[in-house]
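Here you'll find one protein chain in two forms, each presented separately as C-alpha cells under the names structure 1 and structure 2.
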Structure 1
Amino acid sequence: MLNLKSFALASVLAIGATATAMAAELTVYTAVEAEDLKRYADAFNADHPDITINWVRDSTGVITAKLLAEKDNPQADVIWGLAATSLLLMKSEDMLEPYAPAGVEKLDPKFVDNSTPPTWTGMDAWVAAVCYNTVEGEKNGVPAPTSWKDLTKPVYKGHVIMPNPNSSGTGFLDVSSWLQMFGEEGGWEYMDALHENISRYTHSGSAPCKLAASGETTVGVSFAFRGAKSKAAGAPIEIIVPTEGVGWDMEATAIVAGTDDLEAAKTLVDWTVTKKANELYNSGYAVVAYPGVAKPVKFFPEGLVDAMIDNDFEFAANNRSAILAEWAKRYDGKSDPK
C-alpha cells in the first residue's frame, strides 16, 4: 500500500505535475501531551484537509527510543513535538532530512538548528519548575523552597519526588541544567545531596507535579506547564521557580529522512512554523519560537522566562549517554532492600 502510494507520487512528480491535492497520510511521532494532539491536527487540517495525520504518541524517552530503534527502517514521516536534545541525537545518526521550512526566518534563531539548511525547528520551550503542595507543606512542616539548593536541606528529607532522567525528558533537562549551572563537579555534588532527600524517582516528568497535586508528595520537581494545569484543576499547589535558574528544552519539529511523502511532510513542517501554529503552542507553553506571539498562560509562574538558563543543547545531546550512565551508577538502585 505504502509502496504503491509512493510509486504513484513519484510518477506524478516525474511528469512535472505540481498538484498537491492528492490525499496523503503522514505518520507523525510526538511527545506532545495527548490532550493537545487533536487540537494540533484539527488546526492543521483546517488549512490542509488533504493530509491526514496518524499520531504515534508516547513519552519523550519512549519516542526517542523508538526512533533510534527504527534508525535503519524509519516508520515516521515527521517528528512534531519532541525534545530538541532527542532530535540532536537523530541528527547525529543522519536520520533527519535537512529542510528550511517556508517562513523559518521569522522564528527566533535560538529555536532553529544551526546547520544550513536546518534539520529541525523549535516550537516552544518547556521549562522546569517545582510544584509545592501548600496543604501538605503546612501539615508536614515543610516550607516552600525558593532555590534548588533549598531542596538539599534536611527538612525536605523524604518529601521530594523528581523524574528519573533515564526515562523522562524533564528529568534529563533538570540534570543537564544542574550540570551546566553548577559545573560538572558541583552538579553531581548537588545531586548527591538531593538524592538523600528524594523519596523516589518517577518514570514520567509530569508525575511529580501530579503527585504533589494529590498530596502524595510535598515537593515535586516537574515542569511549569504541568503545574499550571494541576493548579487550574484545583490542586493546592504553588509553582516555584528556583532562583538559580531553570533548565528547559525545546519541543521541535523535523522531517524524517527517507519519508515516503516528502512533499506532504514539507507542507506539514511549513505549517508548524506559522504564526497560527505558534499561537496554538502558546496554550500550553509560555515561550514559543515565533517572537511576539506568546500570551500569558493561566497560573503560569511569573519570571519563568527570565529564569531559563542559557541551555547548551549540544552538550546535552552529546553527553546524554554518559550523563545518564553516570546518574544510573550513582542513584539507581542505591536504596537497600531492608
Structure 2
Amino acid sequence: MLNLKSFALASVLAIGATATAMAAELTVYTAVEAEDLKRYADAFNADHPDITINWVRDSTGVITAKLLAEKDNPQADVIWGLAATSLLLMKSEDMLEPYAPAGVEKLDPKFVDNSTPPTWTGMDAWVAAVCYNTVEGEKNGVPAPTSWKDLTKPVYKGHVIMPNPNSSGTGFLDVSSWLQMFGEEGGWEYMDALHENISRYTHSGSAPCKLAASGETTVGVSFAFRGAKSKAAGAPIEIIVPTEGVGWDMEATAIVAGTDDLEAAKTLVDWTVTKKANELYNSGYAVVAYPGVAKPVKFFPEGLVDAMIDNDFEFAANNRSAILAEWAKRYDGKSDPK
C-alpha cells in the first residue's frame, strides 16, 4: 500500500534537490563604486533570485592585474563594470567568452565590441574633468584653470591631485588621452611638467574630486559625474572642461572564458544590457549605453560630451603595459601608499 507520508516527503526532498541544482553562484569581478554594488545585485536578484553574485571589487588597475595573473586558472565567471580598455587587452589574450547578449542590438553601437559575436558590451561612459574648489582657490591665490596645460603653471605647484593610472581607470584614461592629444613626446613632456605641481597621486579616480570638494586640495583631476554629485551635495566646486578636450572610457561587461557556469553567466550578462540595468547605471553615470535612458544630471558641465576626444581604444589597450611602466618609472614616487 502506498505510504502517502513517505511519498509527500520524497516529493518535497525532490523539489528541494531540484531547486538546489537550479541555484547558481557567480564570482563577479568589478571596479564599480562600492556603494553601488548592493543596488546592482538587488535589482538583478529581483528578476533572478536563483543566482547569487559574489563580488570581488577593487580599483580598475588592481582588478585588471588580478584577471591577467589568473589567465591560466580563471577565478571569475563574469566581469561587470571594468574599463573597456582593460577588456580589450583581455580580448587580445583570448580570456573572454564571445557572446551576444539578448537585446544587444538595442544598445548604441559604440558601446559594443565590433567582433561577431562581441566579447564585451559597454554599460556607461565616464569622462575626465577638473574639480576646482573656489574657496581654496581664492584663499591660496590659485585661479581656476581653463586648460590641461594651465595646470603646469607655477601657481598650481602643490595644489593638484590626480589618480595613479596603474590603479585607476580614470588615471589611465587621462594619461592615454594626453598621449593622443599631445603626441607621444609631447604627452610625456606635459606629464613631466604636470608632475612638478602634483602633491600626490591617489589610487581612486573619484578621490581627487572628493578631496577638492572637502577642501583638502584646490584642484582634483577626476571625472565629471563625481564632480556633479559633489557639487549637488553642496561642495564649493566648479567642474571644468579643459579646452584641449577630455579623455573618456566605458565601463563594460564580459564573460570570462572557462567559467564553470556558462548558462548563469549568460543570464547575468543578458540582464546587464537591459533598459532596467541602464537606468541603474544612470544613477551613477550621465552617459549610458541604452539610447534614450540617460536623464539630465544637475551640475553636469555643459559641452562635456562635445569635448570627448575621438578615443583610440585599441591604442590605449595595446600600449597599456608600456604606458603604465613608463609612468611608474617617472612619477610613482608621489603615489599614495597602497
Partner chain sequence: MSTIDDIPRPFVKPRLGKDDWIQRGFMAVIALYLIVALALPLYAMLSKAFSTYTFDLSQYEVQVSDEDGHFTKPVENIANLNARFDPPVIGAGSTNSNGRQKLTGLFPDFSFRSPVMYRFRGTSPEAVYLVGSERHTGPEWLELDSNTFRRVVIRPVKHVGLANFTTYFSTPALTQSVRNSLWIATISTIITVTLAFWFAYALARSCMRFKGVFRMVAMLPILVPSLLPGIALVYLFGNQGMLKSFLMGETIYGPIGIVLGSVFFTFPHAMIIISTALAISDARLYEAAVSLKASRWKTFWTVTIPGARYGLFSAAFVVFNLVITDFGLPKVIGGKFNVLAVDIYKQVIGQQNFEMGAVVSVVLLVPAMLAFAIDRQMQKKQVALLSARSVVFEPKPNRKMDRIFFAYTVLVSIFIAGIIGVCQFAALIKFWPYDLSLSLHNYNFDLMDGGGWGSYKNSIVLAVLTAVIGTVVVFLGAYMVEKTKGFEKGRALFQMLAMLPMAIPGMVLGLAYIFFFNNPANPLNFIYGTMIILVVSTVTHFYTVSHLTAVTALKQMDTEFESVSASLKQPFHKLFRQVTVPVSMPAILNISIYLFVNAMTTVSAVVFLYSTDTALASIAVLNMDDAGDIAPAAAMGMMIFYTNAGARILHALASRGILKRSEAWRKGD
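Computed from a predicted structure; not experimentally measured. Structure 1's sequence is the ruler for residue numbers, which start at 1. Basically, rigid core = biggest C-alpha set you can superpose within 1.5 Å across the two forms.
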Looking at both copies of this chain, which one is the form predicted together with the partner chain?
1
I255 C-alpha relocation of at least 2 Å between structure 1 and structure 2, rigid core basis:
no
Core-aligned C-alpha movement of A228 between structure 1 and structure 2 reaching 2 Å:
yes
Following rigid core alignment, is the displacement of the A41 C-alpha between structure 1 and structure 2 equal to or greater than 2 angstroms?
no
Once the rigid core is matched, what's the CA displacement of F299 between structure 1 and structure 2 in angstrom?
3.1
